[in-house]
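First, one chain by itself in structure tokens, the form predicted alone.
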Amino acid sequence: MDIRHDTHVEATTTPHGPWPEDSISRVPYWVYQDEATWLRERERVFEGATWNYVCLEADIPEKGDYRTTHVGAMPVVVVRAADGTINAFENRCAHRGALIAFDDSGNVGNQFKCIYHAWSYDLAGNLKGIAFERGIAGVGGMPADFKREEHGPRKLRTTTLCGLVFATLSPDTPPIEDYLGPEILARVRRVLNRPIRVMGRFTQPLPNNWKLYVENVKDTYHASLLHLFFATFRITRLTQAGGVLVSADGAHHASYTIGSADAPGASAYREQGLRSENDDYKLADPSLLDSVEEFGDHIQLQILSIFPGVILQQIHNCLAVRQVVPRGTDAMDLHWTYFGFADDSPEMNKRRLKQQNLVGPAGFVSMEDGCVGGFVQRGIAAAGDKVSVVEMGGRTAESQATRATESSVRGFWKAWRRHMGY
């Protein structure tokens, strides 16, 4: 089979020579190491025709409310305008390049003011004020022909979907519904079906290239092998019902587990001697997993990713958004935001708070995910000319009625190569 034709990917030349012929099932390790590749990603992926998650609508409910974030390497301000619209612009003063806003969040009323030289900006990012613009007693100041409207930070288009806020620098980025496709769109709406309430947030630094974390999220094969907790307490096992959806362009995915009962093959973990089958592993407080059905479909786990770097998570009643922020070739930040719904009962609120112990840097599950990307980054240090093998479930990128597959990982590379022109 000609994989390049099957996935609509051309075998183009990269800074390191031709991409491996079977493109999306053989990934060269230099993609996680190369500085030129990272610079190209900034331009063609994050600042290209993609929708980048920037915050929740619930983060900025009132006029003047803002959050600072990143689109790739670009610092960005997201703010609620007086008319209720949401604006986003580069967090960079037009004068000397300092940050315009440096707190994580706040309310600025009607304007932002750069702390360095007090240049001010309205809620759309327009330069509106310059300290001592006409100098002192007619001496000094800005030239007479200086035009404020010709200077200012770059502005981004914004869109919202089910309380999520996205931004893009490209005029060519399609509407968010078209960007996601019908199946992934339906899976977003499945979870975000009513107004949400932010419950908490934190930032987790990770010692690996950003793509390794995104791959890990899409990698349904590892979930019950690396995570002893998942398999032991039957949150997700490859022997349970479920599958993985991959958007037509490969960019986005949703993996899911239905119910807790094992399908045929239940003994496979024990027969293979896997560490994730451990009958001695017990919970001192079993109420941690006292979950209730709230979406009407018995899906107890759904992990959904939107290219290039946001994850929407439902594990039992634990809900979160994870934002991937690259920090060069070998580091990244992961911004976690836990949420519930505005109409949650006190009992549900308590349940969500307890189940939030499942995920995060010290979570019963995702503690391992915080380490394994670094293990790969260290393991490939001298293997830039070698390739990884991504063949579980075949060599193409399509939806499958199993999670014993790497189809959605291959989908990521299909989308990444298209945006990068490789």
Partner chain sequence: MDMTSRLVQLNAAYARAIDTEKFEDWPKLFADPCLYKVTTADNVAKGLESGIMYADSRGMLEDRVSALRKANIYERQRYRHIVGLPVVTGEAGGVATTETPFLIVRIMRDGAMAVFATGCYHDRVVADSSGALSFAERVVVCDGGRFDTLVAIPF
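If you're wondering where the values come from, they're calculated on a predicted model, not measured in any experiment. Residue numbers count along the first chain shown, from 1.
There is another form of this protein, the form predicted together with its partner chain, and it is not shown here; the text below is about that form.
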| property | result |
| --- | --- |
| Gly200, Lys354 and Asn357 each touching its partner chain in the model of the complex (heavy atom, 4.5 Å) | yes |
| Ala58, heavy atom within 4.5 angstroms of its partner chain in the model of the complex | no |
| Any non-hydrogen atom of Tyr338 within 4.5 angstroms of its partner chain in the model of the complex | yes |
| is_contact(Gly135, its partner chain) in the model of the complex, heavy atom dist at most 4.5 Å | no |
| Met367, heavy atom within 4.5 angstroms of its partner chain in the model of the complex | yes |
| Contact segment among 49-57, 371-379, 36-44, 388-396, judged by heavy atoms lying within 4.5 Å of its partner chain in the model of the complex | 371-379 |
| Position in contact with its partner chain when the complex is considered in the model of the complex, options Arg96, Arg194, Lys350, Lys147, heavy atoms within 4.5 Å | Lys350 |
| Contact residue in the model of the complex, from Gly84, Pro205, Pro175, Pro171 (heavy atom within 4.5 Å of its partner chain) | Pro205 |
| Neighbours of its partner chain in the model of the complex among 284-312 [non-hydrogen atom within 4.5 angstroms] | Ala284, Asp285, Ser287, Leu288 |
